[in-house]
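As a starting point, one isolated chain is supplied in structure tokens, in the form predicted alone.
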């Protein structure tokens, strides 16, 4: 009887997964159309994209690149959230748990302080943000390697490293020019409009390749969730797998930060909610979280443009408000 009940439960989760993936795909398409139109008709947008780009060049040169970046950043944060929540065994973990935001913030603040844009132009902030995030990753990697990448050690070292970098950021802010500080603060709040469109073709493969690789680790994540002893028995080397997944998710998160600043709650709330709906099977959860993260960020970006029109809010402010209220509701309903 228990075997039949287990089989029925798996079938129900499979049907839920298909239904959820379909709904997410439809919502994603709708959000993309809203993002591209922004005051224009859908027909107008389609003509501008596929018939004559001269009808409205803003669609191709401004809205399409911005929507693409929202898609890749949101999807990447969603899938990184799944991976980190799994390897850290903490449903409230997110891509910035391991201190990447602190390192990236320090990199951008340092770039603004020394005026690196004079030498690197539009590459200055994205490059320094990524390098700062990677510096944080390498410090945590070296520290946790001695602890065999134990999840508790990774979280603890991530918090400490983030605090250390934050102290350096506050020091730089105290000596930074007010105009440059304003630009840096906008970047810190998450801003999809600040990235130069010339960089987008280079970013697309950098986002896609590691994200696609992570999609194939669903089975390994399922096994790791059983515990280290059972994982070794089933042929998975936990420290080695933790190392690979940690580095992959960290690199992708660093790319997200360098492209759009720090956009919180996408990698936290999307996997958390979807796990409760479709179960903990990581093969479906990884793909669903990519679609859900992309939809959530694109929809938040649309809201950020409409809520105080014609003034645009940083998209990170909207994701924090929506994600914070949603998480609060989820926690209250559980208690």
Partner chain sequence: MQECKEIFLRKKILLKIFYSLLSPCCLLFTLYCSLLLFFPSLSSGYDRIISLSPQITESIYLLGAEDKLIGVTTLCKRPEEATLKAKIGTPLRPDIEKIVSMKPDLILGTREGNPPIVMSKLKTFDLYTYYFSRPKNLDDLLTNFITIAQFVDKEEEGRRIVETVRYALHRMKRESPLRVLWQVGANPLIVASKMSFANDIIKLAGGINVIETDVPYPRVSIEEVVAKKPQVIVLMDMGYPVEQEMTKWKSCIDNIQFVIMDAYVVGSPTPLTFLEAVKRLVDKLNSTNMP
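Positions refer to the first chain, counted from 1. Note that the structure is a prediction, hence the values are computed from the model and not measured.
Just so it is clear, the following notes concern the form predicted in complex with the partner chain, a form of the same protein that is not shown.
Novice: Where, among 193-201, 242-250, 72-80, 137-145, do residues come within 4.5 Å of the partner chain in the model of the complex by heavy atom distance?
Specialist: Heavy atoms within 4.5 Å of the partner chain in the model of the complex occur in 193-201.
Novice: How about residue 322: is it within 4.5 Å of the partner chain in the model of the complex, going by heavy atoms?
Specialist: Flag for residue 322 set to no.
Novice: Even though the partner isn't displayed, in the model of the complex is residue 173 close enough to the partner chain, meaning a heavy atom within 4.5 Å?
Specialist: Within the cut-off, so yes.
Novice: Taking 4.5 angstroms as the cut-off for heavy atoms, does residue 63 touch the partner chain in the model of the complex?
Specialist: Taking the distances in the model of the complex, the answer for residue 63 is yes, it comes within 4.5 Å of the partner chain.
Novice: Since only the chain is shown here, I'm wondering whether residue 131 would be in contact with the partner chain in the model of the complex (any heavy atom pair within 4.5 Å).
Specialist: Because no heavy atom of residue 131 falls inside 4.5 Å of the partner chain in the model of the complex, the answer is no.
Novice: Using a 4.5 Å heavy atom cut-off, which residue among 213, 186, 156, 92 comes into contact with the partner chain in the model of the complex?
Specialist: Spelling it out, the residue with a heavy atom inside the cut-off is 186.
Novice: Consider the chain as shown here, without its partner, and state which of 228, 182, 152, 167 has a heavy atom within 4.5 Å of the partner chain in the model of the complex.
Specialist: When the partner chain is considered in the model of the complex, the option within 4.5 Å is 182.
Novice: Judged by heavy atom distances of 4.5 Å or less, which residues of 279-316 approach the partner chain in the model of the complex?
Specialist: 305, 306, 309, 310, 311, 312, 313, 314 sit within 4.5 Å of the partner.
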